[in-house]
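Single chain ahead, written as structure tokens, the form predicted alone.
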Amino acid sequence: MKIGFIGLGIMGRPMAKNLLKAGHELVVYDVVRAGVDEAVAAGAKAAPSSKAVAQDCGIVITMLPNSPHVKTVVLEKDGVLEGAKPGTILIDMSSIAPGASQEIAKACAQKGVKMIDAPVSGGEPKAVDGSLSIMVGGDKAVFEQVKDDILLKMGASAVYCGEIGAGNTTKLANQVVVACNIAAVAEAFTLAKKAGVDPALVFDAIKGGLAGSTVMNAKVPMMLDGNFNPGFKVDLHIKDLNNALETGHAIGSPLPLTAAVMEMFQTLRADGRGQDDHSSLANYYAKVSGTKIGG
């Protein structure tokens, strides 16, 4: 199957490669040439614009940083809608505001293009091994059409969540849980260290109990090693929490814990740690407590 793929960053590159490994023919585009070159080396064909991708492919995937980027790539000059034919399927796998997904889908519908929003969770490691969790909003028939042959070649699960925007609402809920979980872990292990208890032993003692989680298992070893090389960057989590807060404010759903963690992330960004992994919340607690968990 010929598929267009626009957006070859940290997540997009391995996702595109997994589609190639599954036997799909890929036509790719990104404003950053390095990602395109890497995809071409893996077997993809390069296109000169988003419009050209859509002209060549009946299915187009976008994997971009935020709402404005998706709007530009889809709606503006030389964008997807300029090249798309009626019946084209747009799968936006970016993590953006649900309202933006709905706005873009409305414009797509006017040109006969079917859109689903399908953001992912799992970060770069799961993008590489093809085990992402994919949450989807839009026409359920379109979801069923692309689920097995496309989505499940990039992820271990793909779950239909409702109408357009529901995928990104689900992703925002996921990012709130992850952010608050990392903050709680950093706070707890800083307490242990400051009280004179080895955080590594605390981890061994509690990871199999109710406090244990995928987040704890993934992020505590990084905190213990002082390794904050990004799997998912602070700056990207700030973007997601900003979308969550804006969405919550718009619908009257208070997010006090999210707001508190957002300020922690903003402190890290101000300290020059925006490109760190989000486990760098440990560094926020090191700053306010004077005690590092590890490293």
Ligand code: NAD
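Note that residue numbering follows the sequence shown and begins at 1. Since the structure is predicted, the reported quantities are computational estimates derived from the model, not experimental observations.
The following text describes the form predicted together with the ligand, which does not appear among the structures shown.
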Can you check whether residue 123 is within 4.5 Å of the ligand in the predicted bound form, heavy atom basis? yes
Counting only non-hydrogen atoms and a 4.5 angstroms cut-off, does residue 145 reach the ligand in the predicted bound form? no
May I ask you to check whether residue 239 falls inside a 4.5 Å heavy atom distance of the ligand in the predicted bound form? yes
Please check if residue 31 has a heavy atom lying within 4.5 Å of any heavy atom of the ligand in the predicted bound form. yes
Among 151 to 159, 106 to 114, 194 to 202, 92 to 100, which stretch has residues whose heavy atoms lie within 4.5 Å of the ligand in the predicted bound form? 92 to 100
Checked 57, 234, 44, 63 for heavy atoms within 4.5 Å of the ligand in the predicted bound form; positive is 63
Within 65 to 80, the residues having any heavy atom within 4.5 Å of the ligand in the predicted bound form are 65, 69, 72, 73
